[in-house]
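A single chain comes next, written as structure tokens; it is the form predicted alone.
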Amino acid sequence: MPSPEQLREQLATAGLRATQQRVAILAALRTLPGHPTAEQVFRQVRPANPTVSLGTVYKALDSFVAAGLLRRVADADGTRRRYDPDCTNHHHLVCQNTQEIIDYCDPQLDRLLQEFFAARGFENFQPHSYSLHITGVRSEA
């Protein structure tokens, strides 16, 4: 887990003011497992920061997304925003039963996608990144 000073530096590098509330919200994102919702971040931050509102958390998360510190990810039915602190190229497998979002990396799939887009030559569009969002049901193992 990054120190508060490292979190302040990440925010400053991203062009954001490193307020105490933003540092606390970013710290919560780095400690919560998986792809948390704003409500989960709020519940994590609130005990030590009683003046933080859910609206503040949403605004901070939106600013983190805009600054490239997070990605926004939809859940299986698309009704809730979830947040991914891993901004590297990867895909998501989403279980419709549990709403779990699983990160999935596959260089062969990435090459296939790059080749697909290169072969299609979309007019007036050059893809820079991509992320597949695959919904299904995780089998019990």
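Just so we're on the same page, rigid core means the largest C-alpha set that superposes within 1.5 Å between forms. Everything numeric in this text was worked out from a predicted model, so none of it was measured. Residues carry their position along the shown sequence, with the first being 1.
There is another form of the same protein, the form predicted together with a further copy of the same chain; it is not shown, and what comes next is about it.
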Only one of 25 to 33, 55 to 63, 92 to 100, 38 to 46 gets a heavy atom within 4.5 Å of a further copy of the same chain in the model of the complex; which is it?
-> 92 to 100
According to a 4.5 angstroms non-hydrogen atom cut-off, is Asp106 in contact with a further copy of the same chain in the model of the complex?
-> yes
Going by a heavy atom distance of 4.5 Å, is Arg120 a contact of a further copy of the same chain in the model of the complex?
-> yes
Mark Leu69 yes when one of its heavy atoms lies within 4.5 Å of a heavy atom of a further copy of the same chain in the model of the complex, and no otherwise.
-> no
Using a 4.5 Å heavy atom cut-off, state whether Ser139 contacts a further copy of the same chain in the model of the complex.
-> yes
Can you name the residues of 9 to 27 that have a heavy atom within 4.5 Å of a further copy of the same chain in the model of the complex?
-> none
Would you tell me if Gln114 moves between the shown form and the other one by 2 Å or more at its C-alpha, with the rigid core held superposed?
-> yes
